[in-house]
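Heads up, the chain below is alone and in the form predicted alone; it's given as structure tokens.
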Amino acid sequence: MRVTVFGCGYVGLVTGACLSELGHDVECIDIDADKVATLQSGIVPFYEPGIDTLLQNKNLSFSTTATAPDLCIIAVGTPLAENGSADLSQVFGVADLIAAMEKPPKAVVMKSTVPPGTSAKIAAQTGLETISNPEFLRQGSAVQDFMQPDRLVIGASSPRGFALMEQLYAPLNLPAERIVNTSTTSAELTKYAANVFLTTKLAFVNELALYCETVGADIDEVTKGIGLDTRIGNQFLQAGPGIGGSCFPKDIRALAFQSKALDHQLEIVQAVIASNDTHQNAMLQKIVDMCGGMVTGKRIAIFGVTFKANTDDLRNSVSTVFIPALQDLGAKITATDPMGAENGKTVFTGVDWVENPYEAAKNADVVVILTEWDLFKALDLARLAQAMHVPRLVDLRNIFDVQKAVQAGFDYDSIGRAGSIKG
């Protein structure tokens, strides 16, 4: 098939590259001419394992203008507007371009995460069948997620629409039970529901971790005990500094906004937003407490600024909350991240960037782990402690063993684990 993907961001580029790997002729479109030129030269503008190899496919091209495809895929951003709703201006802008095509495509495919009912509006705007086919790509494993998906969710309004998507994904050879055919509205809500459910699971574990500190339990032991229950599962049960990333924070707020606008407020969704805000404040207080209740003039070494490991994405990372807050309290910040420094330099001001973690810890009053990079997990704790002005470690990813950290000489705190030693 001839496929045009509008948007060369994270979702659009992975989608286009993987579809070309499946044998389709794919053209990726972006209004940013510099980005297009970068992609044409084979350079990926973000870090994602495996994507650079796929850019070499001969049936993948990049342009600022579209030709005449069989399918048009909309994969542009839907950030939060100031009022908390999903900003769909890019989506409707692309729809205008598609509607103006001299030779219209057979259908429009919505990859962007949009509120329920949006695909129907796009269908009315373009006069074309619009199919909802939400993405479920995890940053750091997106290529694998596309090529070996847990499921495909396809929302269409006609047998022809479902047949087009069957043709598009035929090379994946997925069993029928992993393909969910539904309405466009149900498909759109499925995407939101999945993200909000996972966000709820994370918020619950974070709340539970702090409760473990209150009652003297260990969150690692508790989550192992509940995760072995197949009804619960062991994924998304890792306590952390707060919920981040390009999808979860914006999607839960967008769904909350729409439900409130429809006078059907989702109480659990609202509670998760409040819970995460409270949790992030508690994590920030852990850092302050480790420094004796005041960080003014203290050197704080931040290990990890991306929202998770194996990405260079800082969108809604807790670092974007913690670093400015600590600076406002008078702290001096040193930061290190295997892939996030380049983007971090454009996001933060007044931060000293150091490539080597041991150098970043030199003369620091506290090291704070924000991202669970393997590089940090492999650190020699004794060497790290010796480099510091004061050996204090706030491990907000629970990547280190409590006793080993203490034996290495640290005043150590983590989340929800017995035996943490607070300075």
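Bear in mind that the values here come from a model prediction, so they are computed numbers and not experimental data. So that there is no doubt, residue numbering starts at 1 and follows the sequence shown.
Below: the form predicted in complex with a small molecule, not depicted.
Heavy atoms within 4.5 Å of the small molecule in the predicted complex are found in exactly one of 236-244, 81-89, 114-122, 255-263, that being 236-244. Looking at residue 137, you'd find a heavy atom of it within 4.5 angstroms of the small molecule in the predicted complex. Mapping the unseen interface onto this chain, residue 397 counts among the residues with a heavy atom inside 4.5 Å of the small molecule in the predicted complex.
Contact check for residue 307: a heavy atom falls within 4.5 Å of the small molecule in the predicted complex. Contact between residue 146 and the small molecule in the predicted complex is not found at the 4.5 Å heavy atom cutoff. Though the small molecule is absent from this view, in the predicted complex it lies within 4.5 Å of a heavy atom of just one residue from 198, 226, 325, 174, which is 198. The partner is absent here; in the predicted complex, the one residue of 284, 164, 314, 202 having a heavy atom within 4.5 Å of the small molecule is 202. Proximity to the small molecule in the predicted complex holds for none of 24, 27 and 62, with the criterion being a heavy atom within 4.5 Å.
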